[in-house]
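Single chain ahead, by itself, as structure tokens, in the form predicted on its own.
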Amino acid sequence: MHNLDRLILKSPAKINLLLKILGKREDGYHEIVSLMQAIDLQDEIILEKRDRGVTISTDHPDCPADENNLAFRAARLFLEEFNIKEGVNINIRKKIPIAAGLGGGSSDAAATLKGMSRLFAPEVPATKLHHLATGLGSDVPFFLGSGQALAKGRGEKLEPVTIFDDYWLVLVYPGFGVSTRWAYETFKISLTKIKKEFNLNILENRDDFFKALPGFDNDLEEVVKERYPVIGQIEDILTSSGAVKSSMSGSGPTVYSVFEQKPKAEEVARKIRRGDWEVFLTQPIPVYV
């Protein structure tokens, strides 16, 4: 008997430990390679069955409460795909900053897909959910998985990886969003760029992980920092505070910094707080499907 009417789900943010742009594709997207890690900075999604249609509400003034919200589109797509006559109300409690390079909207959409499946069609195979996720956005499929992946293609082709994840992160969001589209369109692909080979198999080991980490670049960083110099300033502060690595996540502007120990991370998070910056102390987590 399946009579579930209401679900509360967590949708985690992600960081890009590595983001390489390999070229422009014929479909207008960019070919990328990215090492992605889920973290425990999470939104909360509440799904409730209703008679028909999709409604959405949110506690954040800048989070769209209409069809511009990916979670709304995910729910509508699911109902249409499986010809479900009932509807759903979505309430999003935001903790992840918007347009921050942390994948919040994509994660909300993935959590909504998973929730819709549990509410209406528990027998839907994972491959079908992945297909729907791919149609919604490049990062959405990642949030259906284990919380660690090497993303290829435009981000939808995921290879499972196991990398060391027992560390702490200080995230600094400087209080403004960056358009992902703008960042990719402004980025100029350099043909002279040497592709650095990296061996992911060794990254399960703590020492190897910390050794390799500083060499993992984000190709979008240069172009975004040029327009928003504060990102570089935040990185400098975090690096000089003893971070193993400081880098922009995704298309920014959030900067994450990796610390081996929680007390050090807590100390830095306290020190760096200022009025217009949001500072988060967080850590890697698996995504629970």
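Only a predicted model underlies this, so the values are computations on that prediction, with no experimental measurement involved. Throughout, we count residues from 1 along the sequence that is shown.
From this point on, the text means the form predicted in complex with a small molecule, which you will not see here.
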| query | finding |
| --- | --- |
| Option touching the small molecule, based on a heavy atom within 4.5 Å in the predicted bound form, out of 32, 45, 41, 243 | 32 |
| Contacting member of 137, 147, 115, 97, with respect to the small molecule in the predicted bound form [4.5 Å, heavy atom] | 137 |
| Heavy atom of residue 120 within 4.5 Å of the small molecule in the predicted bound form | no |
| In the predicted bound form, residue 209 touching the small molecule (heavy atom, 4.5 Å) | no |
| The small molecule contact at residue 184 in the predicted bound form, heavy atom, 4.5 Å | yes |
| Residue 154 within 4.5 Å of the small molecule in the predicted bound form, heavy atoms | yes |
| Stretch in contact in the predicted bound form with the small molecule, which is absent here, among 173 to 181, 74 to 82, 107 to 115, 160 to 168 (heavy atoms within 4.5 Å) | 173 to 181 |
